[in-house]
Each structure stands twice: as structure tokens, then as C-alpha cells.
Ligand code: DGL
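Have a look below at one chain only, the form predicted alone, in C-alpha cells format.
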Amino acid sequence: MKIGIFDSGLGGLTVVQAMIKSVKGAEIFYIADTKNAPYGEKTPEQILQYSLDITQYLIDLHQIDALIVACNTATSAAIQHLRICYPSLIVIGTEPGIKPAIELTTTGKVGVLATPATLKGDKYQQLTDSLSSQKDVVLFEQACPGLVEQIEKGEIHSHSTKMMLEMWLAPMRENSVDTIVLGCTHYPLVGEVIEKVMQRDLNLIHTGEAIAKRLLTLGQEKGHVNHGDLKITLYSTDAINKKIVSYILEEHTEVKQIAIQK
């Protein structure tokens, strides 16, 4: 099975990290669209175009069987269009784990950290409206502008990153939030920092494992045999921090820079 994955940067590698544990006999082609990052501060129309261009690139060069949109923002803007445009392709999106968060919380207080574009998106609004009515919970939503850029620079444990998180998380800490949805694939990389700032046992919800499981189910329905080696190639449309790649993916990954034409 040939799998294409893309994100605005390296955050989607947290999805690859989860896939490494369960997916075998496959090739992964990951595109970090760093030239256009961050997606969270772009318009839906821009994000849709980036998503279509990248998908066509992956099909043309690698004949992918499956596409994973490893970005909550791009999923909200593009997933429906991608499924219509490429009906024969397995297309899996990423959305905030509101449902498991609501199921896990014991205080009834759930935090949501996400990019501004994700929180404003119709997909997120529909998701929260349908699920929050099923259980008496209070959602503490927080947009995190600039956090993706901090992570991409490798500033995971820096003082400035901790201060940003302290500002955003203080209201959640004071209101007994016990479950936080990491509504961006970058955010699991600052999970330890979030736990320290919150000063309590937390449920941190991200969706990498769920995506890997869904991919296997759909792949096996199309004849994928989950046996053999897994090869990973990482492409970027601009410069990337290779230390972050090594930090997320301990094994050797081939890294190349590319240009994607419309």
C-alpha cells in the first residue's frame, strides 16, 4: 500500500509515529508544506487549493492508494472536496477528538486547543454541537496562534512556549478541566509541557492511533496485507527543522525538498 500524508509542517509526523506501531508492508510519502505554513491562519480557499495540489502531486509521482490529511485545519477546509475529486482513493481526515474527551472526563470540563481556523470551521462547529448535547459538559475552547511556529522551530521546551501555554491553560486549570483535546497534530509534541502547566493528571486526546486503525481497516478491505517493511520518505516545500524529524521519528527517514506546481 502506498500512503500519502500531508500537513502544513511536521506536526502530522505524530500520525506517522502512531502508524509505525501498527502499519506494515507499506510506503509512506509525507509532505510538509512548510512553504505555505501555517495553515491555521490561511483562508479556507487557500487551504483547499494547497490540499488539491498536494494530492495531485502524490498521485502523479507515487500512485498513492490512500491519502491521510494529517491536519485538522486542512480536513475542515478540504476533506469533502478531496473525496469527491478522488472517489477511488482512501481518504482519511483528522478531526479533534471531542467524542472520546466527552466520554473520558470526570469533572465535565473539557479543554480544546486548536488553531484559529479549526475552531472557526463548520466541521468543528457541527461536531461540538452534536456531541456536547449528548452529555452535560462545558467546553473551554482556546485558539493557539503561534504555537505551531514554536514547535516547527524546535522550541518545544523553551521559556516562551511555556509562557504561551501558561496564558492559554490558566483558565482551564482554575476551572478543573481534566481532559484536553489536542486539536492540531503538532500539539502532542508539547504534551509534557501542557501536563506540567496544568499541574494535575490529564487525559490528552489526539487522534494518531485512531487514524492508523482506520487506515488498516480500509486498506485491508481493498486487499492490503499487513506484513513486511515500512518505508518512509519525507518531502518538504521549504526548509524544515531536521532535528524535529529525528525527535519524532527515531528511525532513519529519507528527507527531500520539492516544489509543487499548481
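All residue numbers are counted from 1 along the displayed sequence. Owing to the predicted nature of the structure, the values given are computational and were not obtained by experimental measurement.
There is another form of this protein, the form predicted together with the named molecule, and it is not shown here; the text below is about that form.
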Open item on the list: Contact with the named molecule in the predicted bound form for residue 115, defined as at least one heavy atom pair within 4.5 Å: yes or no?
Closed with: yes
Open item on the list: Using a 4.5 angstroms cut-off on non-hydrogen atoms, would residue 148 count as touching the named molecule in the predicted bound form?
Closed with: yes
Open item on the list: I'd like to check something about residue 39: if you look in the predicted bound form, is any of its heavy atoms closer than or equal to 4.5 Å to a heavy atom of the named molecule?
Closed with: yes
Task: Region of this chain that lies against the named molecule in the predicted bound form, out of 39-47, 198-206, 59-67, 223-231 [heavy atom, 4.5 Å] - done: 39-47
